[in-house]
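Presented as structure tokens, the chain that follows is alone, the form predicted on its own.
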Amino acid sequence: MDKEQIWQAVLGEIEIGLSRVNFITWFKDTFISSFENNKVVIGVPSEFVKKWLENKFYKIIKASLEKITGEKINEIYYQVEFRKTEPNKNISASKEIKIEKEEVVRPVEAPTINRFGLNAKYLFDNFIVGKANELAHAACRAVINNPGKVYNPLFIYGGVGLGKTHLLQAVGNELSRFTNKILYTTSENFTNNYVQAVKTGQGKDFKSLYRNVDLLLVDDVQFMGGKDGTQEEFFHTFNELHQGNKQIVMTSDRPPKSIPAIENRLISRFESGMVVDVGKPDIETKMAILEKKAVERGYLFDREILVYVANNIQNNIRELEGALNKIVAYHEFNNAAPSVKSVKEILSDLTLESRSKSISPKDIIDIVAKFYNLSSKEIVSNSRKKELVTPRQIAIYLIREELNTSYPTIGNELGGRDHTTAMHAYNKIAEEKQENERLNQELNSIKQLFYSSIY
């Protein structure tokens, strides 16, 4: 047998004792680089795979090689390299394979969107459950076991990048095994489809699309606020599905009562089933997420690196994954093993401390205004309208709390107000948040937006 045949036989032996995921993760793109004098050099795609194979699979690889070749294997080495074949030519068994010491740039596979509009990667199997999301996870599982009858509707809310869409689509992917009448949409798409149906006189087709389903999944329902026609149509769609015991699952960045300009009749329906929140993950959950994402990509990190990243990326899972991607890309490009020192340098612009320095009082005012569907001019105006007072006080509170800005400066930023006004607003919100869970949730959601890439 030549090297290629030997290695394929060895992989066949190894695959028997491993799960499919583990096998692909650690042995994809590996090969025998050289085999001379009972010494084997195995080519691997990255330093991370090299380290893992050396530490975890040395014995099984050695045993498999000896079984297949019938020879005593004295030494096994691993080196980062890849084999390059000439295009459009078949390599014969006797032809030498060219080896170049370069890093392989592997294309990232595009997410697979199925016929229901669901992303195939959003599954319960790869959702990390922690204290901040265990209730939401359990509620989704209950819906799967008894759709349309338990927790209908299910309303999931929480800040940016905390896993709401993952849970929402996981419900759809799980139930797609039992029904093909599933529809996933965003509130924006619902609005656009409704407007288009009105313009073209295709109202019946629109109703047929949204009401002839067993499961309706709607992302970001907070964007229905202020859209009267959309709310009217969704109200009737909701009623028809609910009365037919068809399951409805929705997500939002805030609880129903906190959605600006939403009709009371919709709020009452959103709250008629089960309302659950997903919060920011704790350190243990973040480390579990990092570890799982790293393994999925074929990498192994020292625990102290995971601890550092988990402690310093504070806001959401999406940002956590972005930090991991940045670390992997840097070390792949430089063909270097990661260390806490290198990771600190790479993430210097992503840590909470460094990013808070780049936020100004004006940024906070803009984000608070956007959160409450207001303009920044309204926030800093002299108007005493009820719908403006609380957002204005929240902006004052957050500027003081997050940036430690002086009260006179805050007053100037908020339309030239006196420093005593700013002090009163801060104290009012600080006191009220102790007993008002809804206010706490809104504050947390706004703070997450400070560091979101969306803004």
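The first residue of the shown sequence is 1; numbering continues from there. All values derive from a computational prediction rather than experimental measurement.
The next section is about a form of this same protein that is not shown, the form predicted together with a small molecule.
Novice: Can you work out which of P256, P153, G161, P147 has a heavy atom no more than 4.5 Å from the small molecule in the predicted bound form?
Specialist: Looking at the other structure, the residue within range turns out to be G161.
Novice: Tell me, out of K370, K246, R318, K227, which residue has a non-hydrogen atom within 4.5 angstroms of the small molecule in the predicted bound form.
Specialist: Checking each option against the small molecule in the predicted bound form, the one that comes within 4.5 Å is R318.
Novice: Check S187, H242 and S268: does every one of them have a heavy atom within 4.5 Å of the small molecule in the predicted bound form?
Specialist: So, no: the whole triplet misses the small molecule.
Novice: Should I128 be counted as a contact of the small molecule in the predicted bound form, where contact means heavy atoms within 4.5 Å?
Specialist: Within the cut-off, so yes.
Novice: Applying a 4.5 Å heavy atom distance criterion, does R211 contact the small molecule in the predicted bound form?
Specialist: Flag for R211 set to no.
Novice: Even though the partner isn't displayed, in the predicted bound form is K293 close enough to the small molecule, meaning a heavy atom within 4.5 Å?
Specialist: Contact with the small molecule, yes.
Novice: Does the 4.5 Å heavy atom contact test between H331 and the small molecule in the predicted bound form come out positive?
Specialist: No, H331 sits far enough from the small molecule in the predicted bound form that none of its heavy atoms falls within 4.5 Å.
Novice: Residues in which of 73-81, 171-179, 116-124, 258-266 have heavy atoms within 4.5 Å of the small molecule in the predicted bound form?
Specialist: Contact-bearing stretch, as computed: 116-124.
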